[in-house]
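A single chain, nothing else alongside it, follows as structure tokens in the form predicted on its own.
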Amino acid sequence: MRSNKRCNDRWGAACQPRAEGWPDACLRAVSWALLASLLVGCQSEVPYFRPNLVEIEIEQDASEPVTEDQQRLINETMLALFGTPDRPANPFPEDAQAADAQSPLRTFGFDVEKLKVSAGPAYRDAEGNQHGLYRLHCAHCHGVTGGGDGPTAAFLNPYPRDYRQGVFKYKSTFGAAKPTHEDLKRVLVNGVSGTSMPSFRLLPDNEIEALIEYVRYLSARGETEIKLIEYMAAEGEMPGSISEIAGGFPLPVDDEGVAEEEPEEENVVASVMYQWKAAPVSVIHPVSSPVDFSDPESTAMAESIARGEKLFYSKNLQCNSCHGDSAQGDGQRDKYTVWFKWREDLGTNNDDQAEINRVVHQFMDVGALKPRTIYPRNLRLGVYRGGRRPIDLYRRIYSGINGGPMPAQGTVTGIAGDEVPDSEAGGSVRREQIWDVVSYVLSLPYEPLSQGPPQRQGSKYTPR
């Protein structure tokens, strides 16, 4: 374990970045700049990145407290690495040395020019170009810090996404892998059906691209902060100097631009950015479909729907255990997402309702939204938040929903599609059968409810 004793001495020599990093003046100014931003942020409209007090409270509740001095050190480190909402690329523009320095964000692989367009207050320049895109379009729901806690968040159901966990639900990649650039763009362009997330299809493409970059920035920033909090709680010190925490850039990549080797755990920022770089290798490529979804009236489609219906209620999948016997989302409704993991843990370990209420208010006092359980999708409505294309539904079933209780039915081995035989792919069912479940799910909005739950219609259905 690296010692961080010298780093606690107000950015001593051991904490200074290498020559290609940030100037000494930046690091000496960090504490004062952070303090000023916090004080001003409490009394005016000047925005600042709020510390993740909920995550700190999680550690406190687990009897791994983070002291105020340790919190301050984390905040100072975050400021040096990621800047401020108004100046993400360079938090110290008044310093001549800092103005000429290489932006740490550029070192991390971000497009700094795109970040500058999305960051800061909303205005149009003399040429009519829009600036402050995130604050104009997103902050009122997702919050300036990206915590899903903007001023309108409490009134929305579901809550807006909290980017800080680095967890995204609707994507083409398997399991916990990050979304691809195309995944984020699809969400921005299409919106999320059944939620308050609108489509931004009418924005110019350059503005959409700038917002995608800013979402990645907020997510990487938030996940870095959480990892530092967890590390500090577990070890009582930081993973190392600022240069070591960032360490490992530029990441070595292959001919396709995919990161080749994961950095050390102590290189927190590099580890986070590696996950984003590696996302394309986790894209789920389905096996060939046995049916033509462009011909929903075909005999082959009717047979696929019948097979999918059996699978939906089978012991292997048990989709009805959550979505309900009538597929109206009326099965279990007591699960929480990863964004309320503290509430999930509390409910598991404590049946005292008074104690539960006390801890819920304890977390709400530090910024948590009131916890809500997640309802499974009512499949009769034909509203699919991750997209309604057959391939979208295939990926939801194959990979599950990251951060939510919907489990994966496939494995990482089988994401290569037809290149991997079923004998090696694993999973709860053969991958071709997932297409049958997709066929059935897409048919549900058109199936009369008067038919009744299939379990009551004969022995061809496997009882739960």
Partner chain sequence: MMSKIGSLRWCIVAALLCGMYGMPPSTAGEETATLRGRFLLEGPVPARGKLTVNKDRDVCGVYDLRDEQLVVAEDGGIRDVIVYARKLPGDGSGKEDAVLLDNKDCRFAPHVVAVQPGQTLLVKNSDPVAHNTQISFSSNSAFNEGLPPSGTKEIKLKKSERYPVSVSCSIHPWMRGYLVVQDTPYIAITKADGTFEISGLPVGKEVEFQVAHPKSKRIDEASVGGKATKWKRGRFKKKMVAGDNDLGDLVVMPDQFK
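Keep in mind that this is a model prediction, so the values were computed, not measured. Residue numbers count along the first chain shown, from 1.
The same protein also exists as the form predicted together with its partner chain; that form is not shown, yet it is the one meant from here on.
### Message
Among the candidate stretches 46-54, 63-71, 435-443, 415-423, which one is within 4.5 Å of its partner chain in the predicted complex when only heavy atoms are counted?
### Response
Contact criterion met by 63-71 only.
### Task
Tell me, out of 288, 316, 298, 357, which residue has a non-hydrogen atom within 4.5 angstroms of its partner chain in the predicted complex.
Of 288, 316, 298, 357, the residue with a heavy atom within 4.5 Å of its partner chain in the predicted complex is 316.
#### Entry: One residue of 199, 353, 206, 321 in contact with its partner chain, assessed in the predicted complex (non-hydrogen atom, 4.5 angstroms)
It is 321.
### Query
Quick one: is residue 194 in contact with its partner chain in the predicted complex, heavy atoms, 4.5 Å cut-off?
Close contact is absent here: in the predicted complex, residue 194 is far from its partner chain, nothing within 4.5 Å, heavy atoms only.
### Query
Does its partner chain come within 4.5 Å of any heavy atom of residue 103 in the predicted complex?
No, residue 103 sits far enough from its partner chain in the predicted complex that none of its heavy atoms falls within 4.5 Å.
#### Entry: Exercise: residue 391 in contact with its partner chain in the predicted complex, heavy atom 4.5 Å
No, no contact at 4.5 Å.
### Query
Contact between residue 293 and its partner chain in the predicted complex at 4.5 Å, heavy atoms?
No, residue 293 sits far enough from its partner chain in the predicted complex that none of its heavy atoms falls within 4.5 Å.
### Query
What residues, if any, in 215-245 have a non-hydrogen atom within 4.5 angstroms of its partner chain in the predicted complex?
Going through 215-245 in order - heavy atoms within 4.5 Å of its partner chain in the predicted complex - the hits are 227, 230, 231, 232, 233, 234, 235, 236.
### Task
Classify the change in Cα distance between residue 349 and residue 226 in the predicted complex as closer or farther, relative to the shown form (magnitude of 3 Å or more).
Residues separate in the predicted complex, at least 3 Å farther apart.
### Message
Quick one: with a 3 Å or larger change, is the residue 55 to residue 349 CA distance smaller or larger in the predicted complex? Answer closer or farther.
### Response
Note: Cα gap between residue 55 and residue 349 widens in the predicted complex.
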